[in-house]
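Next comes just one chain, in structure tokens: the form predicted on its own.
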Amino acid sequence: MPIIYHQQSQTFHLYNQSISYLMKILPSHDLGQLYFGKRVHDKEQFDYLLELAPRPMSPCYFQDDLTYAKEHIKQEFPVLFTGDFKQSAIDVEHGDGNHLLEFVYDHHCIFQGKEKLPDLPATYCNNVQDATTLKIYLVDHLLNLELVLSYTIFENLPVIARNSYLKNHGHDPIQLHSLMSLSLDLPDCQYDMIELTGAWSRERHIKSSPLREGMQSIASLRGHSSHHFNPFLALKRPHCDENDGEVIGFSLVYSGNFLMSVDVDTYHVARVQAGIHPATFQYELKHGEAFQSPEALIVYSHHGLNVLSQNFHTLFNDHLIRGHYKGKSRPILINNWEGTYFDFNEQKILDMAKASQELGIELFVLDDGWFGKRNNDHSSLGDWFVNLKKLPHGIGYLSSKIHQMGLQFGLWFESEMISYDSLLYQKHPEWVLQAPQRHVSHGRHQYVLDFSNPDVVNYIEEMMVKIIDESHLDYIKWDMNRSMSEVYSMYQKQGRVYHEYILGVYRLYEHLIQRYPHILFESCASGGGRFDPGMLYYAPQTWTSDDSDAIERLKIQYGTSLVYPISSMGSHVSAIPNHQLKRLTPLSTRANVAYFGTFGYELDVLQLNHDEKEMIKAQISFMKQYRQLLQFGRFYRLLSPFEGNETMWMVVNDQQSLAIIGYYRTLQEVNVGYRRVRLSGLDEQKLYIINQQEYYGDELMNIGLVISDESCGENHSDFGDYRSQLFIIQEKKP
């Protein structure tokens, strides 16, 4: 069993073939952190890692002992005002206004498998042998509070999953202001912190900076995980690169307000924490009531960033994503949004569907504008019934006609939002998040429904079920097009609203996927504004960004791949000039980028000329042949768009017999030198064929693949801006 408790030294050791996590019960009866990193041999005690020394200005726990100061002891779950002056993992206010806590060890249990978190997304075991869990029970005897820290280590992955749970067994109510999902003290700060930042249409750009003394953090107070900061950070050693070096990744399985921080003290201890953002958060816990934190993940690699990403991809594909499409390649779709926007009617959609079917597309998605009186983004959200002026025979008729063509059919919903002119608002104005007698801001001319109110969630569910049953949907695009402001609930206690809102979203998702297990859900929040592990638990793919420009998508998809599997990235070939940037990008490059994702089209197929149709037919045929590899192969980043004019990545199958490389050059350069790039993930002993040339795997990984322009002559067909090329690598059979 990969979790051992050594009774004599009171030490816990969680380990597998890759990692070790060591902690112990301290002389003060709370928990201390000893080590996390590459696996070490187990032994009875590691007490030498508990370093004690007298230091000035430090409050000391024991009388006449100047060495035992919690300020200088690495804590497993630190609390406020105990002599530890870095960020605490929990904040509780008592009835008399003080915040003092003293959690001490009570007991623990170890078991195979992993428990499901009630009402929250979390990683899971496919069978009980996949993982082992340790639960440590701590008690504050004065307040009669129970704190349970859960640790799950996966058998074959360098992953620790953590969560925390607080229950009030006391007679008096308490106010919970903060409960982090994880806290980890690292003994030094010689790391660069990597984060994924951006804004709408430039999501998840990779940023890296050295840790410094003091607090560095990423967060969202927007009501969703946000375009601006993804709930992920990594700490890598300064010389760690894609293929070598130590790196620790942290991810929060949550879709609402979050805080992830690294607090470095002046003795260079780095404290990493992740959890729900304490701002605007307050839960009153009466006798017998409890609060469960979301799950946080710690993922390790000592072979660089590529392996870290592959560990995340495997974890999410095998132990987070669920349902019919788990591990299955996704249907090639076309979405009408950039082809028509709101300007369509029944015949237009049927004509587009017919033309799409002739190209080989498998799924037709009708986006915004099919409901209420929706002809622009000012109207009708909340009125989830068909717009008969556009679709006079109803949504069921349209769906049946599209199904008869041999296509699947999908619809767009924005179920969490409401328009002021909607019938729903006229009936239930109290269902909007807004404070009485206060100004309320709109976003995209819309307002936020109070999903912390179960009546709201139940009503929206009833409307969606009616449409789904009528149209026999195969796919739902679930959008959310604004951040939350002036958050005030007529139903809920105010400190609970943000979290209960997200629980309402999760609850609606869960009801629908249980009722319709065959439906493919794609989450969307104005593109990539809620691309997080929490959503992947319910929807196996996310619309990566509203920016569909292929060149911008190089950075977006490259950054996203740091954490999220390729199968989770919604990626489409859109029209030119691109609707976001007006850029003119070759059709081949648009497809060569979109292949590394779910793949689809977002344009008006009725406007295509003959040559474009033939190219698209060939693209679809290629994707159908290779999509299992492209979406689920082992992914490697080779050249970064954040560092130069070129981008390069590749996927390799498990047998190392087939790989595909995507190479992209943004701007044409003049009279450049020779170039080659070392590949990754191949078998050194195997002989491979690329463009009818033969290479051994060790050649390609140690010498590299030549990517120089083949000719310097004029009129070279591959010259020009925004060019790309795919390389198919196949093992030569005997």
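Each residue number is its position in the shown sequence, starting from 1. Values in this document were obtained by computation on a predicted structure and should not be read as measured data.
Keep in mind the form predicted together with a small molecule is missing from the figure; the text below concerns it.
- Contact with the small molecule in the predicted bound form, defined as any heavy atom within 4.5 Å, is confined among 80-88, 525-533, 656-664, 138-146 to 525-533.
- In the predicted bound form, the small molecule lies within 4.5 Å of some heavy atom of Lys477.
- Although the partner is absent from this view, Asn481 contacts the small molecule in the predicted bound form, with a non-hydrogen atom inside 4.5 angstroms.
- In the predicted bound form, the small molecule sits within 4.5 Å of a heavy atom of Trp412.
- At least one heavy atom of Trp543 is located within 4.5 Å of the small molecule in the predicted bound form.
- This chain appears without its partner; in the predicted bound form, the one residue of Asp130, Asp549, Glu646, Asp367 with a heavy atom within 4.5 Å of the small molecule is Asp367.
- Checking Tyr151, Tyr425, Phe596, Trp337 for any heavy atom within 4.5 Å of the small molecule in the predicted bound form turns up a single hit: Trp337.
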